[in-house]
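First, one chain by itself in structure tokens, the form predicted on its own.
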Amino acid sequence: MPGSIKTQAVVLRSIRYGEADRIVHLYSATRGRIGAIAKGSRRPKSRFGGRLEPFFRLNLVLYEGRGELLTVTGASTVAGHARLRADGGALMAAGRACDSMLRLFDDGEPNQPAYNLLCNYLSLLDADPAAASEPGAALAFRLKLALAAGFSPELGSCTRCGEAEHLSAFSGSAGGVVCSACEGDGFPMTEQAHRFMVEALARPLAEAPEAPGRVAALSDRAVTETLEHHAHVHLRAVA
């Protein structure tokens, strides 16, 4: 039924539309992914100012009519992440995170853990933009996001036979680690990369373990292949 709604959301993507409007892709705490149009938002005296740019966290008032796009009628800033915007590496990391949200989550299906995770990651990048140069936090975010989406890889035992020992490889098609007897189409997984993934899921995002070169590459491949096979999405590489 048409009417106004209030929600908090993060701007994932912002696209110029027409002469003065802007279409924004949002992830909302209560409504999941939302597409909305902000009419006149690109005019110099727009009441929205620069708030409708990616990575802003906003309190929004939206009008929901009969069309696919909602209309932004009010916006106030919760977090603008100014330090993040001043650092190229942090901007790229935030862009990958928002792109992951767009690819993994459908319209109209709220996921509070995923929303909280995105907010925490953007806040982390804003507090310490240099964190973007260490892939550990980005990979921990991606692992936790896969968990929130219901596609977390199996790391405790062989996905095919249940064996808890001799876990030597990872299979994206099987969705987790596999033992030497069940390796099949899997790729070799080092003990260090396996341990990183387990610890990254267990620790708070701000305490993500370090992920040196090969550890980062293997962990990134494991998450990417799991999501390709089971969520049917391809995410931009972290490592």
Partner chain sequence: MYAGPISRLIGELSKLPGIGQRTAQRLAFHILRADDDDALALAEAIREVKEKVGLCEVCFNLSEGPRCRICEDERRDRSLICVVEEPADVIPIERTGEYRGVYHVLGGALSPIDGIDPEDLKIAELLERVDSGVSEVVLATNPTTTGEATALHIAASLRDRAGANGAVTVTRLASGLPVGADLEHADEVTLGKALAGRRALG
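Residue numbers count along the first chain shown, from 1. These numbers come from a predicted model, not from an experiment.
Just so it is clear, the following notes concern the form predicted in complex with its partner chain, a form of the same protein that is not shown.
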>> Can you work out which of A130, A127, A86, C161 has a heavy atom no more than 4.5 Å from its partner chain in the model of the complex?
In response: A86
> Which one, A9, L227, L12, V215, lies within 4.5 Å of its partner chain in the model of the complex by heavy atoms?
Replying inline: L12
>> Although the partner isn't part of this model, could you tell me whether E183 comes within 4.5 Å of its partner chain in the model of the complex, counting any heavy atom of the residue?
In response: no
> Does T77 reach its partner chain in the model of the complex, with heavy atoms at most 4.5 Å apart?
Replying inline: yes
>> Using a 4.5 angstroms cut-off on non-hydrogen atoms, would R66 count as touching its partner chain in the model of the complex?
In response: no
> Is G50 close enough to its partner chain in the model of the complex to count, meaning some heavy atom within 4.5 Å?
Replying inline: yes
> Which one, 168-176, 27-35, 50-58, 189-197, holds residues whose non-hydrogen atoms are within 4.5 Å of its partner chain in the model of the complex?
Replying inline: 50-58
> Can you name the residues of 18-44 that have a non-hydrogen atom within 4.5 angstroms of its partner chain in the model of the complex?
Replying inline: P44
